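What follows is one chain in structure tokens, specifically the form predicted alone.
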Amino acid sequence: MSLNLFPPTRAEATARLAAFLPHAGKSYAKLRNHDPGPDAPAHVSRLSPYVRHRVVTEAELVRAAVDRHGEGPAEKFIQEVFWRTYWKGWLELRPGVWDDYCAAREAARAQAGGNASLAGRLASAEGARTGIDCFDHWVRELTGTGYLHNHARMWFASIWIFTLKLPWELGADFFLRHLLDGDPASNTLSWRWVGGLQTRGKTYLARADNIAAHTGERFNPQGQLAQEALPLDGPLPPVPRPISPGPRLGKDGGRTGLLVFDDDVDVQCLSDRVAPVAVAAASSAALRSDVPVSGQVQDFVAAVLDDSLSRLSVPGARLRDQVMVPHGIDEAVRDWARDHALDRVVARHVPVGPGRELADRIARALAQDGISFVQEMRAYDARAWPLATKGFFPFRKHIPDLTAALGASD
């Protein structure tokens, strides 16, 4: 169903952006928190599955909004785009938070395996059998479409944590397994924020009147929700580490293979500069969780990668070599590199998350044959991510400068 709702092509993404742009100004600022339901006209762009994989980039969205409305009227939309950038930078500066989440997720799943009450509540939540109509609807919408409105995600997470008393890590995992736009940074850190771990002590409490007001009275869970949201307990985040933007790549690295990861499929500019003799793609979708990931998520990611390969024009290269899944990818990439007698493999910088884990495995496999694996960070990321040292509001002060610095290659 998701491929019908979100056709996995750049042509569809740019068409959606063009259709949304007239509404990216004051209309978006006024109506963005209203969730009219999956069958009603949206007040938001519904571009997130495409931005997540950089079928269209954050820079493209910001430039388009500024060109259409100016920075003032488009301020709220621009800020929402930069929230995604901020989350990515925050996690890139603190990769251990992702590792801690993965360990805690596995521990929570093991706990549920030995606790019948917890296992039953978890099954009811994931099976849309809680008796809370709005929550059960969102479960069905999420699993059926691969998408949820951002405000619904906040309500969902709050109910999961504070009303259903379920481990937040398993809720974050449920989202990552089913969201087409499931992003390690935005998803993990947003769940931490709802639970009071991200902004220490600040939680988000879902309220029945707020849900009623912003769903057009489709739902009104009076008397069914927790009345308080006490912050979860957890360690303080680590001190931010430095980020190195790494090398800028050119054509002087010998026979070059271009490897496209699902974190960033917009590689035409990179391809033009490195002149690859072969291209391939690697999907990390199946690594989002320690249990099976939704088939529609994996199908969407594979199709997005296939669309990216199909749009590349590389004279002499055998295009659309393959879209490789993570199981056995170490040997698959080595075989691909050997088949093309590659001296190096290049890619966009792969951020913290399952994609990074996959990239590290590939780097080790290629090193056994003396083949270098080089990732180039976008200038946009290199400028913005190091600024995510504190909360979003200090980061927000840099948005005008970041917007002014946008270039055609970002």
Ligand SMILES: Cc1cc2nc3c(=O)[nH]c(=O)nc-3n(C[C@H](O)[C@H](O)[C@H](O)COP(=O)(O)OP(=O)(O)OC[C@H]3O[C@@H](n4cnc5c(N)ncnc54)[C@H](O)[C@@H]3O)c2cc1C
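We number the residues from 1 along the sequence you see. All of these numbers come straight from a predicted model, not from anything done at the bench.
The next section is about a form of this same protein that is not shown, the form predicted in complex with this ligand.
Heavy atom contact within 4.5 Å of this ligand in the model of the complex, the stretch among 79-87, 98-106, 271-279, 135-143: Residues of 79-87 come within 4.5 Å of the partner.
Hey, in the model of the complex, is A384 touching this ligand, heavy atoms inside 4.5 Å? The answer is no: A384 has no heavy atom within 4.5 Å of this ligand.
Give a yes/no on whether F219 approaches this ligand to within 4.5 Å in the model of the complex, heavy atoms considered. Residue-level check for F219: no, no contact with this ligand.
Since only the chain is shown here, I'm wondering whether H178 would be in contact with this ligand in the model of the complex (any heavy atom pair within 4.5 Å). Result no; H178 lies far from this ligand in the model of the complex.
Can you tell me whether L205 touches this ligand? I mean in the model of the complex, with a 4.5 angstroms heavy atom cut-off. L205: no, not in contact with this ligand in the model of the complex.
S308, T256, S294, N187 - the one with a heavy atom within 4.5 Å of this ligand in the model of the complex: Of S308, T256, S294, N187, the residue with a heavy atom within 4.5 Å of this ligand in the model of the complex is N187.
Residue (of W191, F174, W160, F300) lying close to this ligand in the model of the complex, criterion heavy atoms within 4.5 Å: Looking at W191, F174, W160, F300 one by one, just W191 meets the 4.5 Å heavy-atom criterion.
Any chance all of R46, L61 and L148 sit within 4.5 Å of this ligand in the model of the complex, going by non-hydrogen atoms? So, yes: the whole triplet contacts this ligand.
Listed by sequence position, which residues of 91-126 have a non-hydrogen atom within 4.5 angstroms of this ligand in the model of the complex? Contacting residues: none.
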